[in-house]
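There is one chain below, alone, in structure tokens, taken in the form predicted alone.
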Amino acid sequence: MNPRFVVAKVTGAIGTLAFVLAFNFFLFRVVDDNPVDNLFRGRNLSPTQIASLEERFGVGDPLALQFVKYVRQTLQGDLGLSIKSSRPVSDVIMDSLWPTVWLVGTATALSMVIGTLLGIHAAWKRGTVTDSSATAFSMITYSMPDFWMAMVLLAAFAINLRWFPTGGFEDAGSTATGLSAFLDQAHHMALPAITLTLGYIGEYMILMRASMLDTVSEDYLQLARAKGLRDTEVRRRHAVPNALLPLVSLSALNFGYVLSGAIAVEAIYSWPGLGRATFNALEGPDFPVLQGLFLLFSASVIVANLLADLLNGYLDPRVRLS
């Protein structure tokens, strides 16, 4: 791959991340320049106590000095202290990271595989019942709000049929370990994962179907058929590999969105991930936690976009030459 292409993309990503870092700092200072005043108003604190709290939460210095400290601490992995719990923000985020990666990562992977397969079969059998059924199903699930779908599935399969737990990460008071603990957590995750998978399938199916329809009209597929290849071989060896390229960017970006969690779905199912952590921080509001979460979400999308650009450049020479 052309080094100039790689350097340009990496430089652009670093510049974007630097802008997000600065914007993230000033955004929350505009919303609430001194959370200590708002949180402890009316408590008759002495000037010494107020100064101690401002120092603790890093809001007692002039704005320029706060920004310098913020950048330095962020580069060192220090995201400040939570106003609600007085815990390091990085600890709050790390406690919620694995549940979100497990839930949203699983849903993203499942929807990518299922949606891609549906798109392939729908395009290959264009105009048939298979095509219309797959397209209708994908459009319906894609257009449904995820919180509404979560509530419907929760009422149907957790409350009425009682096939799944109504929420949480594991059974209350559970002391299970090893495989038993994993199965318990997987049982709790099943319904929110199904909810997210249904919501994500549509975009993969629609994009893959459109890409396949563009590919099946190409002359090289007719040539492959003329050489005597069976229809299934033409699809598997020629049509599908070329049609998959547009899904590279979508897949990479969606995996970048994994860390942002699914706020509504995690809140409805009481799933202790980053989405629920965001919901809890908004209730406070706990601005240091929100600031740390938004920075993490932005960084994950920027990195995913960079990887998508580099992978596209590697797979398609036209991209890196443009």
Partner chain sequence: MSELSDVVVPGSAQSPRSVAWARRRRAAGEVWAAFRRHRQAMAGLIILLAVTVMALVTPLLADRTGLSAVDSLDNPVWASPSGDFFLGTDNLGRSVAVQFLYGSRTSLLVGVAATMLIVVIGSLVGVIAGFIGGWVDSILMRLSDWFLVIPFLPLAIVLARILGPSIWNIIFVIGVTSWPYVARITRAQVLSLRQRLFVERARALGASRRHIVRQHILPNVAPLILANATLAVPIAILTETTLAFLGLGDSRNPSWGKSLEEAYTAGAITRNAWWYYLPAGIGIIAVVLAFTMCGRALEEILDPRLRERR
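Quantities reported herein were computed from a predicted structural model and do not represent experimental measurements. Positions refer to the first chain, counted from 1.
Below, we turn to the form predicted together with the partner chain, even though it does not appear here.
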_I'd like to know whether residue 168 contacts the partner chain in the model of the complex, with contact meaning heavy atoms within 4.5 angstroms._
no
*Report yes if any heavy atom of residue 256 sits within 4.5 Å of a heavy atom of the partner chain in the model of the complex; otherwise report no.*
yes
*Using a 4.5 Å heavy atom cut-off, state whether residue 95 contacts the partner chain in the model of the complex.*
no
*Would you please decide whether residue 164 lies within 4.5 angstroms of the partner chain in the model of the complex, comparing each non-hydrogen atom pair?*
no
*With the partner removed from view, which of 185-193, 146-154, 99-107, 86-94 is the stretch that lies within 4.5 Å of the partner chain in the model of the complex, judged by heavy atom distances?*
146-154
*Which residues from 198-212 come close to the partner chain in the model of the complex, meaning a heavy atom within 4.5 Å?*
206, 209, 210
